[in-house]
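The form predicted on its own is given below as one chain in structure tokens.
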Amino acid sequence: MADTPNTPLLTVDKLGVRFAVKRGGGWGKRAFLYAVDDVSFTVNRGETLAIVGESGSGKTTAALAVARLTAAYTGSVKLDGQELLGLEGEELRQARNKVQFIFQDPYSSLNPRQRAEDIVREPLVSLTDKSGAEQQQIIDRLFAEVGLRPEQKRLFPHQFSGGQRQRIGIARALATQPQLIICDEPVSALDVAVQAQILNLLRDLQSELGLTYLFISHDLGVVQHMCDSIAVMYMGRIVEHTDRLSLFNNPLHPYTKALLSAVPSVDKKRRAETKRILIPGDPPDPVNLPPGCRFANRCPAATDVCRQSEPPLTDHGGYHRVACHLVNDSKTAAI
């Protein structure tokens, strides 16, 4: 299949991830925590989809399931038409060439006993059959592409700053020339000034190499400048999914509106016009979810139907999908 823009590279359909938990002591009945529940989305070639949400929403778990780093119990994950969830053995090893991960913490995701060049070499050794000379050529090129000096290849991780360590992580992710790179909160552990450098690097690499990103974040301010489309998750489900401009200019789900109201802005007019929406209460017990919408107990506009029936993720035109009973035909929510 040719690498053409605006065609799906990654297609996730009804993905589910659950974890067994025990309730009521050692002999308690086993129950399941549904960390990802009936999640579907696509990522087009050369574009970036962000999955955003607060801690515990399931966004990182969904990304780990896509990369086969955690097990999914149901659903489908297709990369360039190939189903990934059923692969085992050599087929899975070959598929791992195509999906790579940039982890959140550059301090714990690098082996402190390996030199920088060996960290970048590792996926080439385990996932490819390239010769030593070919591996070295790739490593040299990648160090230049991510902005590291040749003499730094022999250094250990503790000799780098946080931003430099993340550059090593980016080089490692690029080593096998993957089709999809999953960025799991790649700048959240970095200083603000360094965050901008890493985000600009990721955008430049995407433009130069035609990369496709699945970008996981809790920071809407970050994804506003990185992503083509955004999916908002809450308690294991996608509650809103649309393109970046539509989400920021016309959010429809009450939860999305509350998240956006908390994004800081340097624009005085925007600050004056933005009403801060507070989300009261706590999320429901993920092992014993109540009926209806999972956001109903915290939504100031919830009605009886919200507490009785879980809203489906419905397209409201222009591929603006929302899971909310309060969104009517005029595309306005009641909050």
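For every residue, the number given is its place in the sequence shown, counted from 1. If you're wondering where the values come from, they're calculated on a predicted model, not measured in any experiment.
The protein also exists as the form predicted in complex with a small molecule; that form is not presented, and the subsequent description refers to it.
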Is there a non-hydrogen atom of residue 48 within 4.5 angstroms of a non-hydrogen atom of the small molecule in the model of the complex? no
Any of the heavy atoms of residue 65 lying within 4.5 Å of the small molecule in the model of the complex? no
Examine residue 56 and determine whether its closest non-hydrogen atom to the small molecule in the model of the complex is within 4.5 angstroms. yes
Considering non-hydrogen atoms and a 4.5 Å limit, does the small molecule approach residue 43 in the model of the complex? no
Taking a heavy atom within 4.5 Å as contact, would all three of 166, 181 and 213 count as contacting the small molecule in the model of the complex? no
